[in-house]
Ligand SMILES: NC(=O)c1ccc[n+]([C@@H]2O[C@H](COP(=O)([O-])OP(=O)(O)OC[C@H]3O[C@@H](n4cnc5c(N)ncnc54)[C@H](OP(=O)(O)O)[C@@H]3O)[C@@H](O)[C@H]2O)c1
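Quick heads-up: it's one chain on its own, the form predicted alone, in structure tokens.
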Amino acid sequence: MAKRYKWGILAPGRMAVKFANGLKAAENAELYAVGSRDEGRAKRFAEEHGFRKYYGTYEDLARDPEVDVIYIASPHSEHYEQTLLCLRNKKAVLCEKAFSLNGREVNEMIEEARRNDVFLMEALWPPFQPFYKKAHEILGSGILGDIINMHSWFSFIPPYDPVDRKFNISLGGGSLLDIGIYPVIDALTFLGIPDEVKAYAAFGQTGSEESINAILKYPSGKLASVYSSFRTNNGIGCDLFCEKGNLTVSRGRDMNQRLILELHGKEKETFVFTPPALGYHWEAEEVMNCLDKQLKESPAVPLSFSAGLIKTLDRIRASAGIVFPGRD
């Protein structure tokens, strides 16, 4: 009989709601404990989502001997310290993206996981989704030939609130780490680590970046353009321009996944996917499958990918002049 894993959620905000709903659809997952700095908030979240226990501190959650895995759902700026706390208490960790604010912190998180011989994974949504897997299948078949150029984007207009994590620079605010990370994931997934990076940003009233465009250049001459913004409402997508045709990969916010395959001289072919539980249950199932096999990292989202991702994000920030005070 497969082991049931007791999950803890650290920081019960909006992302935690999505992930808790995903856990309910994941086999072998037990909704066990919630930790917050506000005990009342932890209690309400636990009651609403069916968790057995709640704590008024993150330390108490991390020290609970019954907890097997902790999902960290706090703002980017908190991931470093909270991940270290959980790893030092021998808890497997699934930490929301972005893993942390910079490469130095991410490298320390990875080293701490290895030092404590504990599982660690960045919660990257795309690799587990059917539209992404279908894109890999199509590209791997060779029918499109090599990718020559790609353009990936994610933008929407949220309500403006200067203290919200999207605009608050002390919380790692800005579009890049919140949504721009997805176009960068596309570039690294389909083309790899770039040779050169050039980026430009537009800054808002709080000093955080609100729009950014980066060009990634590869030794082969291939190019990727990545764009994110809180000032435009372009949605989410990625155009892959190839030798023998084009592939468009797009989705709505967390659902309505769509691929359009256009081979030169042929009719377009469209693939549509609508995963259950917004697709978050697959991340949880990956963690539990890895733990079943006593793995310390995921083959689907290896720590080397997360290290390359944050390194690329650091290069984009450096080129665009994005600085997180006290952390850079």
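Residue positions are given as counts along the sequence shown, with the first one as 1. None of the values given here were measured: they were computed from a predicted structure.
One more form of this protein, predicted in complex with the named molecule, exists but is not displayed; see below.
- Stretch 76 to 84 is the answer when you ask which of 136 to 144, 76 to 84, 185 to 193, 223 to 231 has residues with heavy atoms within 4.5 Å of the named molecule in the model of the complex.
- With the partner omitted from this view, the residue of Arg37, Lys268, Arg52, Lys293 that lies near the named molecule in the model of the complex is Arg37 [heavy atom within 4.5 Å].
- With a 4.5 Å cutoff on heavy atoms, Gly308 does not count as touching the named molecule in the model of the complex; it lies far away.
- Contact check for Ala25: no non-hydrogen atom falls within 4.5 Å of the named molecule in the model of the complex.
- Using a 4.5 angstroms limit between non-hydrogen atoms, Ala11 touches the named molecule in the model of the complex.
- Though the partner is left out of this view, Tyr32 does not reach within 4.5 Å of the named molecule in the model of the complex, counting heavy atoms only.
- Contacts between 162 to 178 and the named molecule, taken as any heavy atom within 4.5 Å in the model of the complex, involve Arg165, Leu171, Asp178.
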